[in-house]
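Next up: a single chain in structure tokens, the form predicted alone.
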Amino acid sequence: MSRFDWLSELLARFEDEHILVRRGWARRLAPAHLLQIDAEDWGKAAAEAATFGCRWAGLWGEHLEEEIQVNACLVFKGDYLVLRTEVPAGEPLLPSHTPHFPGADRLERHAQDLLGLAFGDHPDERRWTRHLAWQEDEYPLRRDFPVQGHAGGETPPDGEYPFRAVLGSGVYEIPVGPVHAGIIEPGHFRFSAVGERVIRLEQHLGYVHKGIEKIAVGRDAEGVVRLAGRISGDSTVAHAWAACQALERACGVQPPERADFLRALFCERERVANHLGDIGAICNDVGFAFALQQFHRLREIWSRRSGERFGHRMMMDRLVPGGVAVDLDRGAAETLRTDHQALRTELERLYDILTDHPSLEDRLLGTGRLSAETARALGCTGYVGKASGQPCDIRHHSPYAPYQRLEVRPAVREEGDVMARMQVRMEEILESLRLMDELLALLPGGEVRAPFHHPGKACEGLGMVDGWRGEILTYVRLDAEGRLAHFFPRDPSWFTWPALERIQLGNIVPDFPVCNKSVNGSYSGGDL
């Protein structure tokens, strides 16, 4: 099918199922199509989209005057479709998408906790993001809830989350976290095991809720991008880029071509830095400290160069609405090319060791398998999805500037184990080095920032960027004065954290650290 031809076929299915698509369905929410449907048809639309083969990519809601507007994003062969409906704020009941798309589970519970939406047939009614600081009838994303909350003394510790117990002879529980031995963010993992074999893993996250969606309201475009860059610090470039895309598409602003190339260069550097760190950490979790030292050494050299050339080790605040805040001179470009070749040379030797080290293979091969079916059902992207046969890489399948001028070659494996997730990272580093060489060779001249202007009316837009963890989806709506009315950034970790629960099943308890690191979900990215 050519671009969006599939939409006509999907609409025909909707009509067969008596799904009411309201007038104006063809309105664009750049770069997606927008379908307005009746609330009572919300579940039927998901069922048809699932049988059609769509991937479920996110859900967000906004409290308007008397209604709550709800949006869900679907993807088919790189094309994006947003379903939209409204429910009365006094009785916000909707059918759930989770029975048709298991990856919708936590985002629907997030909307339940913060907006008061009720999903009638959701398979899990427990809270997810809800803090004990909030009363039962308080919903922080409602308009009448103050951004500073209600002062009520110290919030009691959240020790009553209703984990599901596994009963049976010889079954015992192991609680891990939320406070960990290292410097990672808090998250609770509850294991049910027999001997050393894990038969159930359940997570409880959301301990450091930041109120991103709430505190974004009222900001100007530059303030929103700065905030986006702090959603998940290790993905500061990718989240900022997705926010820039959404704002620029909403307002009809076209960044200079040189800025597009520099944004891609920054994002590929971010990918390389994080993959280097993860490869070393995966090896360290099975006792191969040599790899930890070597890969972290390379990451440190890489990060220092980013700080030297772009003013920040993680390139935070280098992206701005309309372009970028820093430029690259000819001498710096030559230095980066030399760095790329030096890293390739070191990796060639290190990769030979990693791929032919029996003790490493013994711990990684076959450990923490994620089937292709489960990865697809959860909507996993990035290295977690690619290692389980899911080729989604929007730089290739839904290219945005400047990737439409490049040939991106996604790294895909079928094994779905820890080794495959590490190998995808290894291949992506080499691909990023190749792409960065092309970006530098093709780097156009000209300005690096265009004036950012607002059209003087309410507008909305979507941004989609392939970050190092996978697809980032960002929605913005601006009011008539150009201030942010709604902001929703969806990190890929929303879908890969649930995958970790499946990955650990049948594995021994001591394999959890390496399984966890092979996924490396962002606590912060999934805790808005």
Partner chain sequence: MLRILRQIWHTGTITEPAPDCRDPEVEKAGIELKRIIDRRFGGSLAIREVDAGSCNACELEIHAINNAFYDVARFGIHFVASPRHADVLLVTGPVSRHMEAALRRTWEATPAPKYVIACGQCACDGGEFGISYASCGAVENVLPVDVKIPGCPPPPLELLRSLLAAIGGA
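These figures come from a predicted structure and were not determined experimentally. Residue numbers count along the first chain shown, from 1.
Only in words, not in the display: the form predicted together with its partner chain, which the text now covers.
Asker: Looking at 208-216, 435-443, 256-264, 82-90, which lies within 4.5 angstroms of its partner chain in the model of the complex, counting heavy atoms?
Answerer: Stretch with heavy atoms near the partner: 208-216.
Asker: Can all three of Arg200, His396 and Asn516 be found with a heavy atom no more than 4.5 Å from its partner chain in the model of the complex?
Answerer: None of them does, since no heavy atom lies within 4.5 Å of the partner.
Asker: Can you work out which of Arg126, His357, Lys77, Arg344 has a heavy atom no more than 4.5 Å from its partner chain in the model of the complex?
Answerer: When its partner chain is considered in the model of the complex, the option within 4.5 Å is His357.
Asker: Find the only residue in Val171, Ala118, Ala333, Leu132 having a heavy atom within 4.5 Å of its partner chain in the model of the complex.
Answerer: It is Leu132 that has a heavy atom within 4.5 Å of the partner.
Asker: Find out whether any non-hydrogen atom of Val448 is located within 4.5 angstroms of its partner chain in the model of the complex, and reply yes or no.
Answerer: So Val448 does not count as contacting its partner chain.
Asker: Using the partner position in the model of the complex, report whether Glu427 sits within 4.5 Å of its partner chain, counting heavy atoms only.
Answerer: Heavy-atom contact with its partner chain at 4.5 Å: absent for Glu427.
Asker: Please determine whether His296 contacts its partner chain in the model of the complex, using a 4.5 Å cut-off between heavy atoms.
Answerer: Within the cut-off, so yes.
Asker: Any of the heavy atoms of Thr338 lying within 4.5 Å of its partner chain in the model of the complex?
Answerer: Outside the cut-off, so no.
Asker: Though the partner is not shown here, which residues of 472-499 have a heavy atom within 4.5 Å of its partner chain in the model of the complex?
Answerer: Result: empty, none.
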